[in-house]
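Only one chain is shown below, in structure tokens, and it's the form predicted alone.
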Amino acid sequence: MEKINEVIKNIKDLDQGFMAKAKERLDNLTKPKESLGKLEELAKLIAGMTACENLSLAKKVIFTFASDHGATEEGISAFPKEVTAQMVYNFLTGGAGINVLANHIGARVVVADLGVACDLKPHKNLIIKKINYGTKNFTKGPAMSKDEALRSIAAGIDIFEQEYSAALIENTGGSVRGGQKGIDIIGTGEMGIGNTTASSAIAAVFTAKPVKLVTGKGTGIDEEGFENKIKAIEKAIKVNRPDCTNAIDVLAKVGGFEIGGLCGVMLAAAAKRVPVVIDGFISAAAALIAAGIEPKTKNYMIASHSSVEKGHKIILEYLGLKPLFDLNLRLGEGTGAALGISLAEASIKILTQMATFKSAGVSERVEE
């Protein structure tokens, strides 16, 4: 907990001064005021997050964490748990949706094993931070111990900080000056058969909504599987009685190792004033945990999209986050976050590269 506390004490409020400067510039660009709508709002928000003079989002990283879930014993998924490991290999060989979209926006994908239920083959691009071989079946007791929950968050913090430091040294050739950043913006993604079940449980606990309202069909289970899923979540909450005022308790009792890891990434990024573009339902569940640990973490969250999973919309409303788009996505991996990062970068290019009326010699609106 000491490492987590060290990070959260560095999470600050948005910088209102930088937001005001961004608004002033946006209002003086060669366009009618606020005519670029949400892009302008996004640019102002990112300016407040980063508190950076020479704002750029060129250095992009998507963190895709994998873990298995013991609740798959309850028949809550259309796919066997072996798919988790198989998809990790797909990420590493560049064949997954996240690889394609990350390449499209010029982002690097960081793949980490937080709790896959087998030993993965070593790979130069695979980070092993395994907390355990999957969580336990949360219908019979806690998904993990409190210590494992804390270790999963700390692992996410470690992974972000290592990537941030390595990127900083690489980008500066070893000559690091104050104010420089190793990473400009991040996205969060995951892989874990059964993780929509854990996310629905987390959503139900925090939002106090009935399980049926926050539960979807995940990877495409049939009606019988869907009913099993709802019953499993309801049983897990009844058996474990997670405390909605204690985010660590919720993570330990009904969460997942990849969810804890992404929570750690969010906390660490916020402490460095790095914007966090949240992907779908599982990333949003991790955001609930992060915001529960330190509410100011929400200042650094950008919701990329509203997914097909109905619980996702409820989480975003609870957090007060408005998604940038709705494309009926439900893949995960960080795919929605990649598209969200693209829009974020577009908003900053508008802010920094578009001409002002004065610089372009264009006449401004005549006030009547």
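Numbers for residues come from their place in the sequence shown, where the first is 1. Since the model is a prediction, treat every value here as computed from it, not as a measurement.
Although it is not shown, the form predicted together with a further copy of the same chain is what the next lines describe.
Colleague: Based on heavy atom distances of 4.5 Å or less, which listed stretch (249-257, 122-130, 235-243, 87-95) is in contact with a further copy of the same chain in the predicted bound form?
Modeller: Heavy atoms within 4.5 Å of a further copy of the same chain in the predicted bound form occur in 87-95.
Colleague: Taking heavy atoms and a 4.5 Å cut-off, does residue 1 contact a further copy of the same chain in the predicted bound form?
Modeller: Result no; residue 1 lies far from a further copy of the same chain in the predicted bound form.
Colleague: Given that a further copy of the same chain is not shown alongside this chain, does residue 317 nevertheless sit within 4.5 Å of it in the predicted bound form, heavy atom to heavy atom?
Modeller: Output for residue 317 is no: heavy atoms all beyond 4.5 Å of a further copy of the same chain.
Colleague: Find out whether any non-hydrogen atom of residue 52 is located within 4.5 angstroms of a further copy of the same chain in the predicted bound form, and reply yes or no.
Modeller: Result no; residue 52 lies far from a further copy of the same chain in the predicted bound form.
Colleague: Given that a further copy of the same chain is not shown alongside this chain, does residue 330 nevertheless sit within 4.5 Å of it in the predicted bound form, heavy atom to heavy atom?
Modeller: Yes, residue 330 is a contact residue.
Colleague: Please pick, from 145, 162, 219, 137, the one residue with any non-hydrogen atom lying within 4.5 angstroms of a further copy of the same chain in the predicted bound form.
Modeller: Comparing distances to a further copy of the same chain in the predicted bound form, the residue within 4.5 Å is 219.
Colleague: Give, in sequence order, every residue of 16-39 that has a heavy atom within 4.5 Å of a further copy of the same chain in the predicted bound form, or say none if there are no such residues.
Modeller: Residues within 4.5 Å: 30, 31, 32, 33, 34, 35, 36, 37, 38, 39.
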